[in-house]
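There is one chain below, alone, in structure tokens, taken in the form predicted on its own.
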Amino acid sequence: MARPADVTTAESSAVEAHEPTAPHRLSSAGAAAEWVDDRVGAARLGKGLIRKVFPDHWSFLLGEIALYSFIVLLLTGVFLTIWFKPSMAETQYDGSYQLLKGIPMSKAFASTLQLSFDVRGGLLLRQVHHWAAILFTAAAVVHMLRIFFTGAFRKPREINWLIGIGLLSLSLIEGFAGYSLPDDLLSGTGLRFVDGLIRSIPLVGTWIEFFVFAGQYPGTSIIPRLYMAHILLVPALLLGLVSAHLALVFYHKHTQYPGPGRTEQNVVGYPLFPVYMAKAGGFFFVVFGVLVLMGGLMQINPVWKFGPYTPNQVTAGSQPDWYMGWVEGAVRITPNWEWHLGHTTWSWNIFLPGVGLMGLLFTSLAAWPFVEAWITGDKREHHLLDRPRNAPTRTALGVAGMTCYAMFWIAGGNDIIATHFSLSLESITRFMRVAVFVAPVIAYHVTKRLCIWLQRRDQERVLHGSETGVLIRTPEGGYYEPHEPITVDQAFVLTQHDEMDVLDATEGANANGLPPRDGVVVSKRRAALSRWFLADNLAKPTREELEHAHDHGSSAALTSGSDHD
């Protein structure tokens, strides 16, 4: 018997000692799988992949909703692409919608009407596509808020946080481009708003406008250009960033909330196959089904009511989609600040609240992981998430930012508020100019105090047990409330978080004239920021405090077993 070159002598003897057996016949699918495995090693790659563990928590579904909405957008977008005509050439409408029959309009708007009234299922898929776009952006925003409040952006996930910022910014661009394609009066009003933002850029604004619109606004090229960006350029970038985002999630392993058996070195949850894959697949169809129900039962963007876009007209009461309303609100309440230098006009009342505010938001979000690491001096890897109450300053800053966004968003509808509630538009505008600065400060202090109060309540539960809500009267006439002991698992969750020390200022050398041991010089400003960020955190109960509470007959004694609350 001929011996293969890669078989050792001992192996060859064992081979020769037995008669060859008949090879097992594989099915066609098995043969195809074996053919692929022999060439790319798919079995070795798949073995680690299908056993990848994912923790189970409802908040992790927020990212999945964004992903599944993106898939629905791709599927419905393919259908809409077949029928939509991205042309601004003028035509006369001759479709089935009688109220616009004979009206001159662009081919883009005419094809949108055809999709809505003459293509079977066209209106349903148009509305599913629009709702999916809104849900995608909303889920991405809430998903990033969850990451921010739980500290999931910390080392080693800073790059993934930056990818998320890129995904969010691209989703806004993609949503605006798709919103503008029908060339109706409402979308044209939004496009005019963006034209104003572009022209407000000092010195180069008009040049950029001519480049984007291929001449003066609106021109005849903007719809075809937005169309190519909407169906090709931005989706390709989104696909690439989504792939990189998921790849880094697999590489870094998934973050998880603190709990019994969960450490920085493991992940407790379900394997990808079959448990998580079945749950994820089912959840995809749930999201798809809800979007179809929304598209079939909830009207959105009825372009036939707005009519074709005409540059000298504006839709009454027009409002942008929610994710851009805050920018319009900022522009509406900014005072009329302009400079006239030579032959140029510097429209700060448009540039600062529009271009400047968006730049400030995304720059601040991108820089925050590095700023927080610098303030706290924390260079460790983190795979366990923070409870928001245990990072009160970060949580308060996040709520303050959300409050500021809400104020701008409300200001974006100041005309609607004025007409519906019979209020003065000028009074609402003046009020919102103050509210965007005062409300975030109030929200910051209230949130921080609430977080510290929740920390104190957790400390009381660890030391004295949970409140029962039952009052007992003693023979002497007094009253007291007995406390129930908490489990060891509950106590672990309440006390597992890290305690970081406030950084002390160093002047580059210690008392002996030598540099600091770790080579890091902490300035007075950094030490002050560290004190602001960390000083209000409550210290966890010490072992002595726990033993003292137990020895004095308090019901802080911990019961064994798991947390079943």
Partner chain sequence: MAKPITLLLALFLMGGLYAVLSPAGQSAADGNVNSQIVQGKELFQVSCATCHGLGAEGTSAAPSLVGVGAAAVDFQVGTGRMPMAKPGAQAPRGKTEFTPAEISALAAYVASLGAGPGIPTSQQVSTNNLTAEEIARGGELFRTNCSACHNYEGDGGALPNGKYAPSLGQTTASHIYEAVRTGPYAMPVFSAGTLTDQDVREIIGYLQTLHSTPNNGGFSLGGIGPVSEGLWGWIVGIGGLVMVAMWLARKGARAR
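Numbering follows the first chain given and starts at 1. What you are looking at is a predicted structure, and each value in this text was computed from that prediction instead of being measured.
Another form exists, predicted in complex with the partner chain; not displayed. Remarks below refer to it.
Could you confirm whether Gln319 comes within 4.5 Å of the partner chain in the predicted bound form, counting heavy atoms only?
Answer yes; at least one heavy atom of Gln319 falls within 4.5 Å of the partner chain in the predicted bound form.
Partner proximity in the predicted bound form: Glu426 to the partner chain, non-hydrogen atom cutoff 4.5 Å
Glu426: contacts the partner chain in the predicted bound form.
Though only this chain appears here, would Gly296 touch the partner chain in the predicted bound form if you measure heavy atom gaps against 4.5 Å?
Contact with the partner chain, yes.
Whether Phe176 contacts the partner chain in the predicted bound form should be assessed with a 4.5 Å heavy atom distance threshold; does it?
It does not: once the partner chain is placed as it appears in the predicted bound form, Phe176 has no heavy atom within 4.5 Å of it.
Which one of these stretches, 298-306, 358-366, 390-398, 434-442, sits within 4.5 Å of the partner chain in the predicted bound form when only heavy atoms are counted?
Of the options, only 298-306 has residues within 4.5 Å of the partner.
Can you work out whether the partner chain is within 4.5 angstroms of a heavy atom in all three of Ala138, Val275 and Thr419 in the predicted bound form?
All of them do, each having a heavy atom within 4.5 Å of the partner.
What is the one choice in Ile103, Leu162, Val446, Ile452 with a heavy atom within 4.5 Å of the partner chain in the predicted bound form?
Contact with the partner chain in the predicted bound form is made by Ile103 alone.
Find the only residue in Leu226, Ala152, Leu80, Val287 having a heavy atom within 4.5 Å of the partner chain in the predicted bound form.
Checking each option against the partner chain in the predicted bound form, the one that comes within 4.5 Å is Val287.
What residues in 65-89 sit within 4.5 Å of the partner chain in the predicted bound form, counting heavy atoms only?
Stretch hits: a single one, Ile65.
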